[in-house]
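One chain comes next, on its own, written as structure tokens: the form predicted alone.
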Amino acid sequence: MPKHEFFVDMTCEGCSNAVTRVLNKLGAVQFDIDLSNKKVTIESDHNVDTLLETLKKTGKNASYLGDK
């Protein structure tokens, strides 16, 4: 499965919990959250647009950084 890296403007544990919640709802993803660097690495067959839109559902600023 391809790995993608995203910036998500997370400032606290609540923010990372929101990211975890939306990604778990999407399903078929494995992910790692780096709160201190505000990065989320996602391993998934979903396309980048779907992943980015899902991350934006947290209400946080999110952008695609590239393949990992």
Partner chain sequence: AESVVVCVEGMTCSSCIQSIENQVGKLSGVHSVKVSLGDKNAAIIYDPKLQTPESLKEVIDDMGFVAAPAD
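Residue numbers count along the first chain shown, from 1. Here the structure is a predicted model, which means the values were calculated and not measured.
Note that the form predicted in complex with the partner chain isn't included here; everything after this is about it.
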Considering non-hydrogen atoms and a 4.5 Å limit, does the partner chain approach Leu52 in the predicted complex? no
In the predicted complex, does Val48 have a heavy atom within 4.5 Å of the partner chain? no
Should Asn24 be counted as a contact of the partner chain in the predicted complex, where contact means heavy atoms within 4.5 Å? no
Can you name the residues of 30 to 68 that have a heavy atom within 4.5 Å of the partner chain in the predicted complex? Lys56, Lys57, Thr58, Gly59, Lys60
